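First comes one chain, alone, set out as structure tokens in the form predicted on its own.
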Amino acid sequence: MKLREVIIRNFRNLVDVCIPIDNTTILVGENNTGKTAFLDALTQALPKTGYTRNNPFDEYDYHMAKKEDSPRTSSGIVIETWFREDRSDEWPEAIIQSLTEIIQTDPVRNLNSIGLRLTSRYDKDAGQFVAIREFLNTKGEPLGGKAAHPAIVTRFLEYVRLFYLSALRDSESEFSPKSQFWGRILRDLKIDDVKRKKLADELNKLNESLLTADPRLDKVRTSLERIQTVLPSGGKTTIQPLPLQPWDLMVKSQVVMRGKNAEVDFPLSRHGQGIQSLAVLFLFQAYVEVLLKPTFHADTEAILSLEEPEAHLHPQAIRALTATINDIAAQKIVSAHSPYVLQNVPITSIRLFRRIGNVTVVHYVKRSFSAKIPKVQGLIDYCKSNSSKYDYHETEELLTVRGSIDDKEYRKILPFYSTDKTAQASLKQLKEESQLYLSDDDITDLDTYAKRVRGEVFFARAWLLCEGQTEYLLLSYFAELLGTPLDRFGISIIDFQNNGSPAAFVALARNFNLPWLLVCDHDTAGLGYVESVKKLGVSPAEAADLLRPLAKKDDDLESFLVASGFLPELVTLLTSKGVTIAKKPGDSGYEAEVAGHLRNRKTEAGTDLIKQLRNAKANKSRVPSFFAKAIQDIIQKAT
């Protein structure tokens, strides 16, 4: 069984979030946005033990927004975990038979699901906080009868095992006899009686050899045996350098590693933090492969919730580790702060946590869009005729579209509700939301583009899109001259011409609800970029605010720089490179000729211009108003 959706309400800053879960799901976002809270909520919802009457939450787990709020006045914590089939008859018969009381089957899609809800709120009559676990039907209503018996929770949790590895992975505790993985592996080791007796005899001989290796040891033993003269017990005192039982010896075992080109083995605890952290992670993998299924059921699924796997690792190691994580035989929910992690995961696996005030909002690339729409035969027939894109669930009265609704489709659906204003409003909103849809080709391209521009863009608060590398360099420098370096405000500059299409990045920004602004030339290519973005459903007001071609028609960057007071510096650059300018200053076409020469050495011109301005100790007065306004506006959107 795979976890496919988590719904959380009023747990810390997670007031109302609904997050789809993939086989590997990556949680990203700034610090203190709720990633750890999400993993903690999962730990409470899917404990290792079954039914308990104890409330698993403390007072600070209940969301409190105002000073007068308290856990007792809270509407209560709700955590729902939904396990669903991805295809019909996916779950093995053993699970169906064991959990038949709680399995719900969608009669239309013929897919099984199990929903488990954990709620906790203050009960005035009982005078205490009360936590309840209950299984749900497809409408989210509690199941009764046998499905409400506490024992079914314990039985269910035998098939779902959640393991949590925090960012502070301590190899000494994780490789101790009492640890969750190492200790259980050691305790489960099975040695047959014949081999165990042989090993015990060999250990006894080795002990005797060690005791006779230095006569002083026997003197120590003789002295300790005087205990018998004070408290006679009829026993015998000896020294045991090694445990006499094989199982006792294994409990004291430790992992040793040898460095590259080294000749000495060192205990794991004497290696660097990066090696220790990796060892704990791969220990989990070994536990899943060696012990999980034999200990529980053949169909038991492991879920690994992991914080910051990149801790203490260098970039190349992080990228290699990310690929390895995908191979771990478990469902993975990983929180990360490294752009190198995101370079090797699909964009559709990313969940972006953003905090607005004291509430967290989670964004992701949606593969479908749904809305509650009343059932009418016309809509049902339309969806059946267009089943590759549209789906209508009659029981739930839920319309789902896998793609963007175009004007033609919208005009066909809307007449079904000519007198229903509420349904019309819902359809309009669904149409607008569906414009965020990214096709499979779009996602493939964006996965490639995101790797090129580094995963850091997903940690940004806003994106400033520009055409090429020269604009990238100039925008960074101009922001510095204005005293507002963009890194300080969490803004990433993306030069889309070298990394993909502007429309693809704008679509991605809208999916993640990231503020964005685009600057480009006012030439044919630049206007083409603007039109490609407008087709995404950007409103006229948004286009006027967010799409910024240079003010003058037919203007490109080179002409703009020449006309913006940088002519002396640019001429100096050209003459230093041996370029002959035929026209003279003041001649008609002189500036156009200079701009023409610059187009042949675009990036070089930008780099040299910045160098000259730095040497001249330029100030913010040299920043063109066009770029100054773009920088100021994107900062305002980011903050």
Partner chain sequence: MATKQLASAQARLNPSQRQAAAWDKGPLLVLAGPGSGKTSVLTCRIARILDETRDKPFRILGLTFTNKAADEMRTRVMDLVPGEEHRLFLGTFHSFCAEALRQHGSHLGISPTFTIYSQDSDLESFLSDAVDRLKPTSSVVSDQDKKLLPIIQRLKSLLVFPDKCQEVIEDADLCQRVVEVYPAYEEELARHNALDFTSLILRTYELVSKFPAFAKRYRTVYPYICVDEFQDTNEAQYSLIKAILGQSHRNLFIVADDDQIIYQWNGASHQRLEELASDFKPTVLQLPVNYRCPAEIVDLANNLIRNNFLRTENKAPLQAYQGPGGDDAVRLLGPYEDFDAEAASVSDDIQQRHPTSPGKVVVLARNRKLLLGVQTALRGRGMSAAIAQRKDEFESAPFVWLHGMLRLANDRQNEDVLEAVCGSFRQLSGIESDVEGVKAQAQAAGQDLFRRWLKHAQTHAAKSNAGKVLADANKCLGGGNEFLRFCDSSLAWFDEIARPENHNGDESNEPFAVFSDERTVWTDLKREIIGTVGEGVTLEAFLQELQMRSKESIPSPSMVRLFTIHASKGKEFDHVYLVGMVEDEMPSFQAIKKGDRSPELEEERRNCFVAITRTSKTLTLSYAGSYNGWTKEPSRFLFEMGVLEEEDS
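Positions refer to the first chain, counted from 1. Please read all numbers here as calculations on a predicted model, not as lab measurements.
Only in words, not in the display: the form predicted in complex with the partner chain, which the text now covers.
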Within 4.5 Å of the partner chain in the predicted complex, heavy atom basis, the matching stretch of 195-203, 337-345, 456-464, 89-97 is 89-97
Is residue 323 close enough to the partner chain in the predicted complex to count, meaning some heavy atom within 4.5 Å? no
My question is simply whether residue 148 lines the interface with the partner chain in the predicted complex - judged by any non-hydrogen atom within 4.5 Å. yes
So, residue 418 and the partner chain: in the predicted complex, are they within 4.5 Å at any heavy atom pair? no
Considering only heavy atoms, tell me if residue 504 and the partner chain come within 4.5 Å of each other in the predicted complex. no
Heavy atom within 4.5 Å of the partner chain in the predicted complex - the one residue of 223, 110, 439, 422 that qualifies: 110
Just one of 140, 568, 528, 144 has a heavy atom within 4.5 angstroms of the partner chain in the predicted complex, so which one? 144
Let me test this: is every residue among 101, 105 and 395 within 4.5 Å of the partner chain in the predicted complex, going by heavy atom positions? yes
